[in-house]
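The chain below stands alone and is given as structure tokens, in the form predicted on its own.
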């Protein structure tokens, strides 16, 4: 009964008519006309300015330093893994999956979440265990499966590189290198990885021709029958919260407790953070374990109501009843309309070792 009440509220909020497929009459973009639903208090739309903590202001020197560190494998124990190894700009700032591998080809239990737009996440990692980008940047360095190093050894390595020693002093004005400085620099660079100027963004700003008729239909489904905006809302199309979809587990882990391992709250069992839809077509496979190979697979997974036999399944995971043409339209919207066009992110190339500080 409670679900029916919520669904009724959602339906009322979605009553304004949208541009229908095949209708050539120019109408305002639906994203600017409605508030998605009561569970998603922010309309989907353009991204706001990047939030920057007062303790780590952006500077050009710090951003460049952070970019160099991001692509430098010397931060790892065996000089083989960098941040970009699992969060590559050529793969939607994630990797080929389904789960990520670190030093000695050890396989992790989860898919690499994208670095792009991570500045908008209130909590980092799939389980939200890091409260900031700065804290997140410290984790992989000393994770035995990822970079397999220690902070102390990594700092000695970086300090012994004269080029880095000079750059840290220039960026921070201090001679004693710290893990906080390393994390601050990497986080500063990551705050520049913001995917904007997609066809969707242009559509929201009033360019009705930015989306095809099929993509407009897909947006209507995303904003309505597909229930996507229950979790994917706001400028980043993510609520930043945690949900149990009943996704099957793949990789080396037989079971993944998700958010529960952080909070120890039984209600958080199997919950994982909502990823952004922006640039989603660039980073297959999908879900926290990389269990779905394509966007079509993901939509069909949702269309069936998520995983079966899961006692803690999110109550909003219900069969959607989408037709084949509606599935295609929704996939079409997410594939092209949500892919970023801004070159400062889309065209980022790795820094080759020869160009890193010596």
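Residue numbers count along the first chain shown, from 1. Model, not experiment: these values are computed from the prediction.
Note that the form predicted together with heme C (HEC) isn't included here; everything after this is about it.
Engineer: Quick one: does residue 329 come within 4.5 Å of heme C (HEC) in the model of the complex, counting heavy atoms only?
Structural biologist: No, residue 329 is distant from the partner.
Engineer: Applying a 4.5 Å heavy atom distance criterion, does residue 140 contact heme C (HEC) in the model of the complex?
Structural biologist: Taking the distances in the model of the complex, the answer for residue 140 is yes, it comes within 4.5 Å of heme C (HEC).
Engineer: According to a 4.5 angstroms non-hydrogen atom cut-off, is residue 195 in contact with heme C (HEC) in the model of the complex?
Structural biologist: No, residue 195 stays farther than 4.5 Å from heme C (HEC) in the model of the complex.
Engineer: If we define contact as a non-hydrogen atom of the residue within 4.5 angstroms of the partner, is residue 317 a contact of heme C (HEC) in the model of the complex?
Structural biologist: Yes, residue 317 is a contact residue.
Engineer: At 4.5 Å by heavy atoms, is each residue in 113, 190 and 274 next to heme C (HEC) in the model of the complex?
Structural biologist: Answer is yes for this spot.
Engineer: Out of the stretches listed (173-181, 206-214, 152-160, 86-94), which one is close to heme C (HEC) in the model of the complex, meaning heavy atoms within 4.5 Å?
Structural biologist: Result for this chain: 86-94.
Engineer: Taking 4.5 Å between heavy atoms as the contact cutoff, choose which of 234, 199, 102, 251 touches heme C (HEC) in the model of the complex.
Structural biologist: Result of the distance check: 102.
Engineer: Counting only non-hydrogen atoms and a 4.5 Å cut-off, give the residues of 274-303 close to heme C (HEC) in the model of the complex.
Structural biologist: Sequence-ordered list: 274, 275, 277, 280, 283, 286, 287, 288, 295, 298, 299, 302.
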